[in-house]
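Before any questions on binding or motion, here is one chain by itself as structure tokens, the form predicted alone.
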């Protein structure tokens, strides 16, 4: 999948996403925050406007699409790229995880890997921000932020089930 980005002077930015069947999804982000979404049959075709949304609604839709509210398939890790080098990722703590049963302070995750644990989903409860005394339990979902290599290093603490 290729994404083309271009500036629209006085308007904002345009992103064209190549779809598998040769179509392109075009997203125009206005300087005001408004988003317009178009579908083009091919790169040279005119786009048909699908919808227009406000900045706030676009962010909510984006959060839903990335799977922050619901993952249709149980996944061990979910990632969101914040920049070229920074990722926000969700990881499940498995029984085989080295850090299971340890406090954040004991696990020393930031010094060992470089990632920061910014939240923990435990059942229906969200622990944000977790304290150094927070115990990491089997079944917890950890929300971490870090660079790609740091996230890969963090995965080594989660055992063989990742």
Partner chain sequence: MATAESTALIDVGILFGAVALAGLVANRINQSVIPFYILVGMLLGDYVLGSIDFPALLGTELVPHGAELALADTDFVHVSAEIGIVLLLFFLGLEFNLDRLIASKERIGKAGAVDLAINFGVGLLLGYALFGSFLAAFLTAGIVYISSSAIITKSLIDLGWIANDESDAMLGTLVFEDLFIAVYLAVATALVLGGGAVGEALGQIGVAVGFILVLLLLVYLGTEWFQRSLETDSHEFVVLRALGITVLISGIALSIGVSEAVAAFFVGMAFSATEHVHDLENLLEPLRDAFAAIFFFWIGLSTDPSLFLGVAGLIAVAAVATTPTKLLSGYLGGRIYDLSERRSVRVGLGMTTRGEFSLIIASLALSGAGTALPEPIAEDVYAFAVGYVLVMSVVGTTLMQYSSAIESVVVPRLEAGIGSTSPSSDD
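Numbering follows the first chain given and starts at 1. Worth saying up front: this structure is predicted, and the values here are computed from it rather than measured.
Beyond what is shown, the protein has a form predicted together with the partner chain; the following relates to that form.
- Just one of 32, 96, 63, 131 comes within 4.5 Å of the partner chain in the model of the complex, counting any heavy atom, and that one is 32.
- Taking the partner from the other structure, the partner chain in the model of the complex has a heavy atom within 4.5 Å of a heavy atom of residue 40.
- Put simply, residue 50 is far from the partner chain in the model of the complex: not one heavy atom of it is within 4.5 Å.
- Although the partner is absent from this view, residue 107 stays clear of the partner chain in the model of the complex, with no non-hydrogen atom inside 4.5 angstroms.
- The partner chain in the model of the complex is not approached by residue 148, whose heavy atoms all lie more than 4.5 angstroms from it.
- Taking the partner from elsewhere, every residue among 6, 16 and 28 has a non-hydrogen atom within 4.5 angstroms of the partner chain in the model of the complex.
- Contact with the partner chain in the model of the complex, defined as any heavy atom within 4.5 Å, is confined among 96-104, 132-140, 109-117, 42-50 to 42-50.
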